[in-house]
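Single chain ahead, by itself, as structure tokens, in the form predicted alone.
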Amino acid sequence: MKKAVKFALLALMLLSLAVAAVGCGGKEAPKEPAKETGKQDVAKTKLVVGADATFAPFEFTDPATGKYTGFDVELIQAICEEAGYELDFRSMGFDGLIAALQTNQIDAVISGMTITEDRKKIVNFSEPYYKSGLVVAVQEKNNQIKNFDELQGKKIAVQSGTTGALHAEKATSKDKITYFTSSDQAMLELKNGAVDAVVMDYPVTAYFIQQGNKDVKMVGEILSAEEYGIAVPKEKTETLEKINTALKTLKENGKYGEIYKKWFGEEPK
């Protein structure tokens, strides 16, 4: 009887070992499917954006970090985030930005660029994102030039390719005008006394003076009301639509106003 019990127990143990061996062999038991996290890594479309990063406070290099910063920089970052783009920000001379658009080196321009009829013939613009104007700047000690009408015959510094340059050409002969690739160079030419005046965008001139350049002042009224837009090639209508939609959303949700107030100290006009 005891032998029969022992034999039965031995058979049961051998059967258990056989089952275990089958379970540990070849194929693994199927795993539970991974739970959905709700987040998927989707590759973003890169948007290559050009600007002249010498145009403070819109775009310039932060001396402390060496990184690009400014109103335009933060705005295009917010637009890209809202529209689902990966931003590739590149700095180049202002007078070469539209040519870079036309040759597909870049996808868009945000660089304090005024919307003009001539420019609209070759590129498309987003809805306006900033209202500006031109102003005359002179040395603080200069009491001869009081407004735009008194620039005739005077030496003027401007940034190439800007509406400021166009207005200066109406005020005096071209041989009296010195053209620079950046706004800072034009303003330094004035500080050094090499020119009598600078015709520049009001916010750029005001920011330059605020940075400790008290030997420069603005005179007369703001010359003209201008609106800045983001430029894109004529054929990139989808890009333009996405930028406009994102810009509208940022204005509605308060993000645009937050960026504006940070850089200009007031609510958007």
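What you are looking at is a predicted structure, and each value in this text was computed from that prediction instead of being measured. Note that residue numbering begins at 1 and tracks the sequence as displayed.
The same protein has a further form, the form predicted in complex with glutamine (GLN), not shown here; the description that follows concerns it.
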property: Listed range touching glutamine (GLN), judged in the predicted complex by heavy atoms within 4.5 Å, from 62 to 70, 222 to 230, 240 to 248, 206 to 214; result: 222 to 230
property: Contact residue in the predicted complex, chosen from 90, 119, 176, 191 - any heavy atom within 4.5 Å of glutamine (GLN); result: 119
property: Close approach of residue 186 to glutamine (GLN) in the predicted complex, 4.5 Å, heavy atom; result: no
property: In the predicted complex, residue 111 touching glutamine (GLN) (heavy atom, 4.5 Å); result: yes
property: Residue contact check: residue 163 to glutamine (GLN) in the predicted complex, 4.5 Å heavy atom; result: yes
property: Partner contacts in the predicted complex for 51 to 78 (non-hydrogen atom within 4.5 angstroms of glutamine (GLN)); result: 55
